[in-house]
Every structure is written in C-alpha cells, then in structure tokens.
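Okay, here we've got a single chain as structure tokens, the form predicted on its own, with questions on binding and movement later.
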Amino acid sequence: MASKQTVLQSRMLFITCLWVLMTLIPNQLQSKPLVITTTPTLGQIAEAVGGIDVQVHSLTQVGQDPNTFFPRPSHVEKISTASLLFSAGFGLESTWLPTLITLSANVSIAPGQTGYFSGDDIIEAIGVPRGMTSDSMAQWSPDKNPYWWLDPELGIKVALALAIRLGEIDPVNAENYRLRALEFTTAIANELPRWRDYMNIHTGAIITYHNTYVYFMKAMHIELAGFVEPKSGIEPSTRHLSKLIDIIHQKKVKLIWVEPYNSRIIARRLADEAGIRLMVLPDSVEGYGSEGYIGMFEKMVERIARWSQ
C-alpha cells in the first residue's frame, strides 16, 4: 500500500513539475523586451544588439516603402505590448507612426519616453537634396534625409546608443547589449575598407532616382551626378531629363540607381536615351542581425560592381 502511495505521489509530483515547466517557458519568453522597429534594417540592428535577450518585430518588410506604409489592426495589437519602439526618424514614418502609437495606448513608447528610440535623437542627418545647380552640385533643403542606415558608420553609432537604451529598459542584460554592440561595430569596421576599395575601383559618378542612397554614396566616396526626380515626388520635365543626359555624357555615368518601390518608367527612358544601364538597388535585404545588415552592403557593393563592368 505504501509503495502504491509512493508511486502516486511521484506521478503527482511529475505532473506538477511538468505543469510548472509548461507555464514557465511562455512566461520567460514573454518577459523578454519586445522591440518593434519601423523597417527591417532597423530590426537587424536591434537583433544584432539585443540577441537572445530580446524579441524583435519589424512593421514594414523588405521591398516596402516606409513612407507610404499603411498599418493594419494587427500592427496596433503588436505595438501595444512593445517595450521599445525603434524608428528611423526625420519624418520617414510621420504619416502613420504617430497614429499607430496613439491607437496602441502604449504610453511607454510615446516620443519622449524611455520606450521610444529614434535615429533623429542620435545622429546629425544630412539635408534632403532639392535638385541640382548648373555646376551639377546638389542643392540641400533644411529638411533632413531619413535613410541614415545606408551609412554603416551611422549604423554603428545608432547601435551603440541602442545598447545603452536597452540596458536602461533591461538592466539585467545591460552588459550583454554593450558587448554585442561592440561586436557589431567590429564586424562592420572590418568590412568597410574593402567596400570602399571595391567602390573606388568599379564606380564613377552615379545618378539616382530619389535621395535614398545619398548616405551610402557619402560613406563609400561615390560622386553624386544628379537625381531623376528634380525634387522628391516631382516628376521630371523634358528639360530636366535633357540636362541629365548632358551630365551623363560629361561625367561618363554608367548607372542609374532606382529603389525597389519607385517607378522605373522614366528612369528606364532616361537610361535608354543616354545608353547606360538602369539598376534596382536594395535599401534592405532579408537576414538576421549583423549578418543581415552587413549582407545588405555586400549585396549592394557586389551588384554595383557587376553592373558597372
């Protein structure tokens, strides 16, 4: 009788332990800070710094234009549980993110709170180009260009600041965040000279459709020859396109870069008339953490070099 009782007690203890384990695992997962990012590349920076100590979710996906993103109810639900909201800033998400924050009722991620982290709090952005002057130099408006993540050195700067902010939200893992940010810094610093050398060999002056790639060009020491759009969102006139053709011949431009989400019709016509190539250049790629972020630059550099030949 005693042995049966012992067996019964052992089974009850096993069932109790199993139940505790099953309830404990989800709670542990839920206890990790949830970092919501507005773009997939910001998500990769967050993954690189946060590692196994955070959950990361990007609102937009690779190939989507963050300017024109339209949130769904599921995004409101997701952001309502976020510990940190990581945005590019400089107006990139201004048409939809404030409303999304309000609808989420998550006051901890509102601007000015610890749970709100934005690139415009960390870096000094360059201006938004507003066409070209007669000597082919860009005119800059007082507005700021939000595509800073395409400069790997700015990616490093933001990652280091993100590590500090995550440490404030999750002090237990603060040292982990700091060390991962340093690893991220080292990984990029090791590759940057090679990328620059490669671009110096294969790339001359470039024309781009929009101002997205200005940070990348500045980081890689690539000359900006002009924009297909004379101003952001303004369709080019025949006169403007004629000037660009003259610039293409003068500077021996080989490529026109276009974002994945912008129309290629006008850029294609310009490329055909000038006898040069049109190339779709990514501003984000699939991938996790440092590998994904570095992979974006690898893909950009490799594609530019191949198409410039």
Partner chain sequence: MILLTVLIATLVIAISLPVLGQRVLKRRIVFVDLALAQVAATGYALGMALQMPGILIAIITTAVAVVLMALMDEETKLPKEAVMGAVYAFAASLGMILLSLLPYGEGQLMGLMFGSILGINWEGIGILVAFSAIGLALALPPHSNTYHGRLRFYSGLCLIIVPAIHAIGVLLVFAYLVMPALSVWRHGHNGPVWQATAITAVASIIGTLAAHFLDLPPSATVVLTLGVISLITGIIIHRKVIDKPRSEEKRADDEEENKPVTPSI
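For clarity, every value in this text was computed on a predicted model and none was experimentally measured. Positions refer to the first chain, counted from 1.
Missing here is the form predicted in complex with the partner chain; even so, the following discussion is about that form.
The listed set Arg269, His57, Lys32, Lys251 contains one residue whose heavy atoms approach the partner chain in the predicted bound form to within 4.5 Å, identified as Arg269. Though the partner chain is absent from this view, in the predicted bound form it lies within 4.5 Å of a heavy atom of just one residue from Met279, Val62, Ile247, Ile276, which is Val62. In the predicted bound form, Pro236 approaches the partner chain with a heavy atom inside 4.5 Å.
Among residues of the shown chain, Ile265 is one whose heavy atoms approach the partner chain to within 4.5 Å in the predicted bound form. Contact check for Arg194: every heavy atom lies farther than 4.5 Å from the partner chain in the predicted bound form. Taking non-hydrogen atoms only, Glu286 approaches the partner chain to within 4.5 angstroms in the predicted bound form. Only one segment in the set 164-172, 94-102, 114-122, 227-235 has residues whose heavy atoms sit within 4.5 Å of the partner chain in the predicted bound form; it is 227-235.
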